[in-house]
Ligand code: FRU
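In the block that follows, a single chain appears as structure tokens, in the form predicted on its own.
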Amino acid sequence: MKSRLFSLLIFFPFFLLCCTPQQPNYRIGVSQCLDDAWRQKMNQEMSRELLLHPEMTISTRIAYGSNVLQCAQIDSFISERVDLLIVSPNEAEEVKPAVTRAYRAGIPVIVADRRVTGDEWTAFIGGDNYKVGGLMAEWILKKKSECEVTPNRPFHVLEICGLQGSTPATLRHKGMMDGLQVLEKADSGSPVVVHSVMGEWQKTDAYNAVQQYLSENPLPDVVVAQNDLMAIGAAEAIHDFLPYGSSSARPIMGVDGIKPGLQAIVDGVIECTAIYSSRGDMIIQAASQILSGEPFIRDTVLETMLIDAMAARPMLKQVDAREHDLETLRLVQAQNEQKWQQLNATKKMLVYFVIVSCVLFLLSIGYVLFAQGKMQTEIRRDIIPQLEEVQEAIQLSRKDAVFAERLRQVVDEHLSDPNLNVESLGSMLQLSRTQLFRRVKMVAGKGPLDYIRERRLVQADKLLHTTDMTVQQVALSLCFSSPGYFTKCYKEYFGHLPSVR
């Protein structure tokens, strides 16, 4: 009888440890084609979202622009039998066979950012690269209309393309060329001539390609780059090519809206960028839905829009805030992992200790279970609310950027409307007077009337320097009560009296 009781005391703690409920552990393989700033942003977003999904772990491998290496990495994930695969293909056709092998092996495949041809994948999440090309075409013709081009002289555009054969490079170029063809039919002016060079998605490659182009050709009228890093490289190449002190820099457009691109816009290095969201958080959410058998959206196309200096400033502040939040999340995660490691170490020590003293082991395991429950309570009470607050702040930041762009568009479209006031602006934005003051103050740092006056002054300065209008004509066309009042406002804003060119 005593022997049986002793055996129960020996094995009962092991029974408790083995019966501790464990969450399912899903292994996710991530195959990234490059390690550029845009994909680093995606990886950060996925890591942040994973904090809300402790049942999943990811392993990321980078192909560094090599189709062969990426296919080998995907095959390695297949042999390891990961539960789900996330692939951002280097080149659509070259990587497609490896994606197909994974899909046919029964592994769900989420294709991110860049599509692969065919239909053998589980879900796609990415932007509309063809639409990005359309935005590039619209910006080109807008710059053409603003420039004083000699009649019948071609308007030269230098396009800096990404990796040849990659889906984004192909679709962005096609979207731009199709857009130019459609838009030029309504434009009877000079023809647009596009010159393309390869930048391979890299700043250094773009710099060298533009330097080579400039050594053989005159300066283009505008430059469009298929990502922000190549746009910055092009700007530096043009700056170094021109004589010291020259003011012949060209308008440059980028794509992606990553932090270096936004900073370049604020610094005046490039003029604008097209937002191309990475949405790593959405990718992890889709992975969770697929693995848990929940309904999911198979084909998700993310929206894009053009960002100029007015919108880049608040977005850059939001990026800095998100980076700070991410560092806080990493600290919280490290603390959490440290606590779990301490708990696991304690469990192992208790397993060995039970051999020496069953009674002390039972007391110790009771302490461990108590500590585990307390820790889970602390996580639910402290860490999860922090994560939810950060997620909410990120969503609000995105809404503020969209509102800032919408506000600018609405005001700019009605600068010559004498009835543009707080009430009419609120009506157009579908906001009450109180809501309008609060939202405009948040995104622009000033009230609606001050914002309207500022936009009119900016337009007035442009008209004075690009048209033959007099100060009086400009003041009246932009609804200033008198030329004297316009002059007063202009001097307060620009620091000097208005003058025509």
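When you see a residue number, it is the position in the sequence shown, counting from 1. Since this is a predicted model, take the numbers as computed values, not measurements.
Keep in mind that the form predicted in complex with ligand FRU is missing from the display, and what follows is about it.
Student: With the partner left out here, check for me: in the model of the complex, does some heavy atom of residue 201 sit within 4.5 Å of ligand FRU?
Tutor: Residue-level check for residue 201: yes, a contact with ligand FRU.
Student: Indicate whether residue 49 is a 4.5 Å heavy atom neighbour of ligand FRU in the model of the complex.
Tutor: Residue 49 lies outside the contact set for ligand FRU.
Student: In the model of the complex, is there a heavy atom of ligand FRU that lies within 4.5 Å of any heavy atom of residue 34, even though the partner is absent here?
Tutor: Although ligand FRU is absent here, residue 34 would touch it in the model of the complex, with heavy atoms inside 4.5 Å.
Student: When the contact criterion is heavy atoms within 4.5 Å, does residue 159 count as touching ligand FRU in the model of the complex?
Tutor: No.
Student: Within 4.5 Å of ligand FRU in the model of the complex, heavy atoms considered, which of 133, 220, 168, 233?
Tutor: In short, 168.
Student: Would you point out which of 281-289, 168-176, 94-102, 295-303 contains residues with a non-hydrogen atom within 4.5 Å of ligand FRU in the model of the complex?
Tutor: Looking at the other structure, the answer is 168-176.
Student: In the model of the complex, which residues of 274-294 put a heavy atom within 4.5 Å of ligand FRU?
Tutor: Counting only heavy atoms within 4.5 Å of ligand FRU in the model of the complex, the single contacting residue of 274-294 is 276.
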